[in-house]
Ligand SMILES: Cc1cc2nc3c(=O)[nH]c(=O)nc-3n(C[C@H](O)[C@H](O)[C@H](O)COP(=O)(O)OP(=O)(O)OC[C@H]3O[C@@H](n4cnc5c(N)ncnc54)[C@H](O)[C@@H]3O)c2cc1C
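The chain below stands alone and is given as structure tokens, in the form predicted on its own.
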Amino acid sequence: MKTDVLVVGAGPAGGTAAKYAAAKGAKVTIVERRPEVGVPVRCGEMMPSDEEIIKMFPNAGDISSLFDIPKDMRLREIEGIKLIDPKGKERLIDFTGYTMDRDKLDKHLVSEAVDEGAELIPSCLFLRTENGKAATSLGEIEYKVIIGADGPGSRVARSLGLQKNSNPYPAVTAQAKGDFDPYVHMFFGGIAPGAYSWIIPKKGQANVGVGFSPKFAEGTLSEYFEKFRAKHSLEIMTKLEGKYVPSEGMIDRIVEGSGMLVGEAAGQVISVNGGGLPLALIAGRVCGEVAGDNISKGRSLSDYQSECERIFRKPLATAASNKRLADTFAFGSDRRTEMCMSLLGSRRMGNLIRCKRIFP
């Protein structure tokens, strides 16, 4: 099989990249190892408002059309974030956004790519690439450009000789039944050592989960999740799903030869809160447009690296630096966590969430 642009992974980054590459006239093929796009869900399922995204990434340009998500997919409007210390003290951060069903979002983005002419091949596992050909579980695919949108353990990155994400932390998530207030709750302390646990409201339910840093943890994720569930009397409706979340910011090189990395494969995740959805769409658009222009006009793939440096490098590096400060001073004991949150206060904690410096 031959194609112009091979996209490995049908998540938000891959679906968006495929859409914009196909819109440029390229022949695009998406391979997805899972039989159904978006399933299972391993995500907090929250999207910040356009205003919040621009505050975090002011160089992202016009994002209005990029984040034009159908209204019926917006399940719950978010009015703020409550940061809760180990003693239960809340600090309210003004922060707007909305929640959604992540599997429906993934399907929507891939369907837009297919409408532009891209082809989706499910149940197709990417194995490796060599000399412009990708070996998959369904046979070889010859390509001109390959895009790795296959998560933090990216096989495409490994095949291209690019660095892997360092120090990813594990997290688990599930759906809890009930009516919850319109605020994201982020709990810091012993139940989620080195990270946080969360309750993110949806419609008649909430996305709930726990993440931790292995170097601070003394138990398993399932044990920590059970403590969290019991403490908040959560009625869990779904199977617990796990994943690894990049925690060091964007990797140094995201382009090599005829290949590019996008989304979690490129470390395009906010270290301090694990958020990756808005970055996946922003980077996916840039990646897809550069790939399409490469096919039709010979545009250098290095333009993708340059654009991502301009948009993401500074805020993601700031977030990663803040995470390292938290690891050093705030984590390790509930007393230290509580003291640091008290020292920072709501304003500086708000800066932390938005990838801003917390100290002058």
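We number the residues from 1 along the sequence you see. Since the structure is predicted, the reported quantities are computational estimates derived from the model, not experimental observations.
The form predicted together with this ligand exists for this protein as well; it is not shown, and the discussion that follows is about that form.
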This ligand: the contacting residue among Tyr224, Phe126, Phe187, Phe95 in the predicted complex [heavy atom, 4.5 Å]: Phe126
Interface residue in the predicted complex among Pro201, Pro193, Gly249, Gly151, criterion: non-hydrogen atom within 4.5 angstroms of this ligand: Gly151
Heavy atom distance at most 4.5 Å to this ligand in the predicted complex, all of Ile84, Pro315 and Leu344: no
Partner proximity in the predicted complex: Val255 to this ligand, non-hydrogen atom cutoff 4.5 Å: no
Ala18 within 4.5 Å of this ligand in the predicted complex, heavy atoms: no
Distance check, Gly276 to this ligand in the predicted complex, heavy atom within 4.5 Å: yes
Ile147, heavy atom within 4.5 angstroms of this ligand in the predicted complex: no
Option from 166 to 174, 85 to 93, 284 to 292, 212 to 220 whose residues, in the predicted complex, bring a heavy atom within 4.5 Å of this ligand: 166 to 174
Sequence-ordered list of residues in 33 to 70 near this ligand in the predicted complex, where near means a heavy atom within 4.5 Å: Arg33, Arg34, Arg42, Cys43, Gly44, Glu45, Met46
